[in-house]
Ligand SMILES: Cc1ncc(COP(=O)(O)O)c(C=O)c1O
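Just the one chain here, laid out as C-alpha cells, in the form predicted alone.
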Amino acid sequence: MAELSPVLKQATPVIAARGEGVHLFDEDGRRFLDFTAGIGVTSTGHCHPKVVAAAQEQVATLIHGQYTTVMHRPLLRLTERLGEVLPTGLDRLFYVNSGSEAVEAALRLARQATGRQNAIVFQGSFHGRTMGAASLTTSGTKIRAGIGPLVPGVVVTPFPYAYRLGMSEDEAVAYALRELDYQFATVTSPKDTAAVFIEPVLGEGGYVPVPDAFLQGLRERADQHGFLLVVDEVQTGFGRTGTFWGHEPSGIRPDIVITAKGLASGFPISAIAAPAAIMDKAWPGSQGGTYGGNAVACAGALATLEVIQEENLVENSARQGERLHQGLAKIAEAHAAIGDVRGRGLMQANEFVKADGSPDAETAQRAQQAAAQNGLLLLTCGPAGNVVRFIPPLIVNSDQVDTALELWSASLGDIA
C-alpha cells in the first residue's frame, strides 16, 4: 500500500473534510478556527461563494489552455486587473505555479537583465525549496542541507532583527546596512551584484517585519550601484499586512515583485512583475512552463481580486490585525515565556524564549498543539521553531479574532 513520504510532518491532527470562511471541519464534523489559512493562501476564506462560482464556471468551459500555445481570456483579464494594483511602472507579468518557481524566474530575469551573477539575501529569508530558491533561503538548514552544491553566487547578510540582536529598531537598521556595505567591500562587488531579494516580513524566518528605513536603504543602494531590488511578496501581498503590498509603507518601488499564495484563494498560480525595460531583457525562451497561467487558477485570482476590493479586505486586515496584535500583547504580559509579539496586519507572531533569552521551541510547540486541541489551528516558524504565528483569512471579523484570543489564552493556561 502506498503512503505519504514520512518526511511530511503534520502541524495539526486534523483531517479536513470541508472548509467554510474562517473555519475548517474534520471528518467528525468538529469545527476549527483556522488561523493558518493554508500558510496564508486562503485570503478570502475557505470556499468563498464568488471564488467557487468563478472556478466552477471556468471548469465547465476551459480547464487548461497552455499559454505559449494558445491564449485565453481569463489570463488576459487577470493581467489587466493586476495592472491596476501593482506598483506603478511594473507593467509586465510572467506567470508560473508556485512561489518557488516565481522566485527562480525572478533570479533568472535579474541575472539576464543586469548581466551580473550574484544575488544577496538576508539571514532568516525564505524564498522556496526548489534548487535555485533553496539557494536563496536561510530560514533553516533543513531547506538547504543534504542537497549541495547549491546555486553559486548567493551572498547572505544580516537582517535587521532587532529583538534577536538586542538592539533598537534604528540600531538594527544601521547595523544591517553597515554589514551590507561591508559585503560589497569584501564579498560581492556591486558590479557583480544582480539583485537583492527581500521579504517585507520574514515568513518562515519568524514573522519579523522589515523596518521601512531598511527598505529605503536598499533602494538607495540599488539605485547607486545599478542592481535590482526584488521584493518577495509571496506571503505578504494581497492585503496580508494591512496594505495591498507589504512594502508599501516604506514608499519604495521595487524593480521586481513576486506574488503567489493569497493571489487566488487556494488555486496554484504565481507571478513576477517588472517594468518593460527589465522584462524585455529576458532572453528568448527563458520564460515558459506547462501549467503557468492556468485558466481555472486565473478565474480564481480574478474572483479573489473582486472580493478583496468589494469587501474592503485590505482595510479589514489592518483593522483586525491591530485588534489581534493588541490582544496577543496583552496575553503575553502574563506569560514570561513569550518574549516578543510582532507583526503587521493579519501576519502576527509570538516568539517563545527561555529565561536566559534563548529560543524555546518546546514551549512554542506545546502551545501550538494545545491550541489545536482547543479548536484553534496555528503554525510555528522561525529558525529554531520557537515562533507561533497567526495567519487568519482576510475576512476574519472582530468576534472571530476575540474567540481566537480566548482560545490562545486558554491554551497557554493548559501548558502552564
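Keep in mind that this is a model prediction, so the values were computed, not measured. From 1 onward, residues are counted along the sequence shown.
What comes next is about the form predicted in complex with this ligand, which is not displayed.
- Taking the partner from elsewhere, Asp232 is found to have a heavy atom lying within 4.5 Å of this ligand in the predicted bound form.
- Contact between Val257 and this ligand in the predicted bound form is not found at the 4.5 Å heavy atom cutoff.
- When this ligand is considered in the predicted bound form, Val103 lines it closely, a heavy atom lying within 4.5 Å.
- Under a 4.5 angstroms non-hydrogen atom cutoff, this ligand in the predicted bound form lacks Phe214 among its neighbouring residues.
- This chain is displayed without this ligand, yet in the predicted bound form the stretch 199-207 from 199-207, 243-251, 294-302, 281-289 comes within 4.5 Å of it by heavy atoms.
- Note on the partner interface in the predicted bound form: the residue among Gln117, Gln309, Thr157, Ser98 having a heavy atom within 4.5 angstroms of this ligand is Ser98.
- Proximity to this ligand in the predicted bound form, defined as a heavy atom within 4.5 Å, holds among Gly128, Gly124, Gly345, Gly266 only for Gly128.
- In the predicted bound form, this ligand lies within 4.5 angstroms of a heavy atom of only one residue of 256-285, namely Lys261.
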